[in-house]
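Here we start with a single chain on its own, the form predicted alone, put down as structure tokens.
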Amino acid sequence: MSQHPVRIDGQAVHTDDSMVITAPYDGRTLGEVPACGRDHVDRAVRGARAALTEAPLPQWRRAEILDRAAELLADDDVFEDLARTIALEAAKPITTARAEVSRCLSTFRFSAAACRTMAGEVLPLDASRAGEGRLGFTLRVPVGVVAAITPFNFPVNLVAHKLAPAIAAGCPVVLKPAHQTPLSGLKLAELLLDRCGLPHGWLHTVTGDGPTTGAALVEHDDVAMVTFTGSPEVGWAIRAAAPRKKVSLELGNNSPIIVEPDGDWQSAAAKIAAAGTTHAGQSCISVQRVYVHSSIADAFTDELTRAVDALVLGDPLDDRTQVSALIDTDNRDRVAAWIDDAVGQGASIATGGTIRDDGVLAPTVLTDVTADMAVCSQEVFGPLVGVRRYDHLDDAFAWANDTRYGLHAGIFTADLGATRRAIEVLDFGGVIVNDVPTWRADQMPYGGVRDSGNTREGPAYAIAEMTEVRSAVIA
């Protein structure tokens, strides 16, 4: 099988060593990509730096490139090819993969809009005696070369959330897609370079592992900013390794949701069944911890269990499939072990917990979970939700906040006072009311606190992260 090349300085680059990409669902070989070394990274970064200094792109042209990307992503052939690639290399059900490509299209559109409206501000210098007779204003200028390191779970849209704002901000990019799912990101990069008019120096791709390729990117002196989505352990290690760079981290979570008896708990059960298992639970904001009032706990759990049991499992290329395989067997076996450990500590399995003949871990509902169990204290990143009952809302708030993470949380309630209290008390980057914390619009500020990261993504917010404020004063 031929090696799918990376693109450095506009050239298709192959290496002697390859990484083999296999389908998580059935193990078939999907392709090979280069195992890039430090010399490839250095060449890519130097090319990006040269583009920034020698051939900057005007704002209108950057916006047109982003608009062109959105137009091409809407093309049926491009759309379906990307969706199928996601489904194969990430085991994401094809209907969910199509939804991801649709979101990617929106990410480019919002980035184009933010690019066109990006501006500085007038400074009221004559508000002070020293400023009298002077005109002052600010500009938003590119931070420099951006290293974009992306995860496996959204291999197109999370690539877009880094590439599109960087282009809008005027920053050349070196992209390292996840080693498990590089093909989707490489195809998106090629679309930008070959069909959207993006000059070759403005986007370079490298593939490889974290300790070699990723580390070379993070440590390179000409990289001004690293934008990373992935695990807290890797993210904070990057932050420590690059103390003088901008480092934007979007990390993990173990999303809690509270279900009050006055809320639409039947709707909550149906939404949680999907939000805890979509893409086999491999989302930073997948529902993981459910706190439900004791007065409705039994009925809610029965409804949730029925909804989970009704999910269709299997081949990600089947339009009927809702849940397929985890990214690899190591992670599947880890999640299964965490389920067994929780049962050993007193939790009960309402449904699931088994590995099917096709290797898919059956979506699981656990009851009577407690904070000391790994399924509550850590990020499961698997098709599992744990249910715990409460009597007092303040206890539910305290349990939800009892975590090292802080990305999204949610509550179902019809009470305005409880809504206001949740928004005030839940210590998370986003609080979603009467929907699951898995809900996200691509234009909103998205990010967390504590071990969930230090940034906000969403095109306008990412562009702000990728630019510096330059003050100009005319005497």
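Remember, predicted model here, so these are calculated numbers, not experimental data. We number the residues from 1 along the sequence you see.
Not on display, but discussed next: the form predicted together with nicotinamide-adenine-dinucleotide (NAD).
With a 4.5 Å cutoff on heavy atoms, residue 407 counts as touching nicotinamide-adenine-dinucleotide (NAD) in the predicted complex. Residue contact check for residue 228: one or more of its heavy atoms lie within 4.5 Å of nicotinamide-adenine-dinucleotide (NAD) in the predicted complex.
Although the partner is absent from this view, residue 232 contacts nicotinamide-adenine-dinucleotide (NAD) in the predicted complex, with a non-hydrogen atom inside 4.5 angstroms.
Although the partner is absent here, residue 250 sits close enough that one of its heavy atoms falls within 4.5 Å of nicotinamide-adenine-dinucleotide (NAD) in the predicted complex. Taking the partner from elsewhere, every residue among 151, 177 and 238 has a non-hydrogen atom within 4.5 angstroms of nicotinamide-adenine-dinucleotide (NAD) in the predicted complex. Only one listed stretch (318-326, 347-355, 377-385, 122-130) carries heavy atoms within 4.5 Å of nicotinamide-adenine-dinucleotide (NAD) in the predicted complex, and that stretch is 377-385. Only one of the listed residues (269, 86, 396, 158) places a non-hydrogen atom within 4.5 angstroms of nicotinamide-adenine-dinucleotide (NAD) in the predicted complex, and that residue is 158. With the partner removed from view, the residue among 214, 201, 263, 170 that has a non-hydrogen atom within 4.5 Å of nicotinamide-adenine-dinucleotide (NAD) in the predicted complex turns out to be 214.
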